[in-house]
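First, one chain by itself: the form predicted on its own, in structure tokens.
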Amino acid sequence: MPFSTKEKYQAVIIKITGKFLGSVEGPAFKDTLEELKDSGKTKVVIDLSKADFMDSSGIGALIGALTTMKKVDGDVKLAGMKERIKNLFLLTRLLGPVFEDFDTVEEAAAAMN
């Protein structure tokens, strides 16, 4: 599984490594988010510093994560995007209007409401 979770900075950090393909990892990712939501852990930082590639369904999984957490007054922030992935988010016009990107996990966690 190309993602792992840990609690730090009063948030849950989901670290994505390597390739993140929503069609493959999406169901497990969604299950993880549902478990976090059900246990009241709704502040999530997605650490993309070790992610090499993401396809459109991977972006869809992140949009689903944001939607899931926003419904329960939570939030999802992105951190450590490499230029290739950042360009994908800029191209799809998701960076800014939908997602906030931070250089570090610490900065993203500090920006939580």
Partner chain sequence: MQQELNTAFEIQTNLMPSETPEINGFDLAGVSVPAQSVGGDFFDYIQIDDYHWGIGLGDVSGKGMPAALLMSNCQATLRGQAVFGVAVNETVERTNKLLTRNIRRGSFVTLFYGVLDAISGRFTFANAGHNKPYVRRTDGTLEMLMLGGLVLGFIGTQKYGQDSVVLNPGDTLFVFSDGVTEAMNAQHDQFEEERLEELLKSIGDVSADEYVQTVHTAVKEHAGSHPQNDDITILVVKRSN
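Positions refer to the first chain, counted from 1. Nothing here was measured: the structure is a model prediction, and the numbers come from that model.
The form predicted in complex with its partner chain is left out here; the points below concern that form.
*Asks:* Even though its partner chain is not shown here, does it sit in the predicted bound form so that Phe53, Ser56 and Thr67 each have a heavy atom within 4.5 Å?
*Replies:* Every residue of the spot touches its partner chain in the predicted bound form.
*Asks:* Should Ile63 be classed as touching its partner chain in the predicted bound form when contacts are defined as heavy atoms within 4.5 Å?
*Replies:* Judged by the heavy-atom cut-off of 4.5 Å, Ile63 is in contact with its partner chain in the predicted bound form.
*Asks:* Is Gly18 close to its partner chain in the predicted bound form, meaning a heavy atom pair under 4.5 Å apart or at it?
*Replies:* No, Gly18 stays farther than 4.5 Å from its partner chain in the predicted bound form.
*Asks:* Just to confirm, Thr92 within 4.5 Å of its partner chain in the predicted bound form by heavy atoms?
*Replies:* It does: once its partner chain is placed as it appears in the predicted bound form, Thr92 has a heavy atom within 4.5 Å of it.
*Asks:* Evaluate Glu35 for contact with its partner chain in the predicted bound form, applying a 4.5 angstroms cut-off between non-hydrogen atoms, and reply yes or no.
*Replies:* Contact check for Glu35: no, nothing within 4.5 Å of its partner chain in the predicted bound form.
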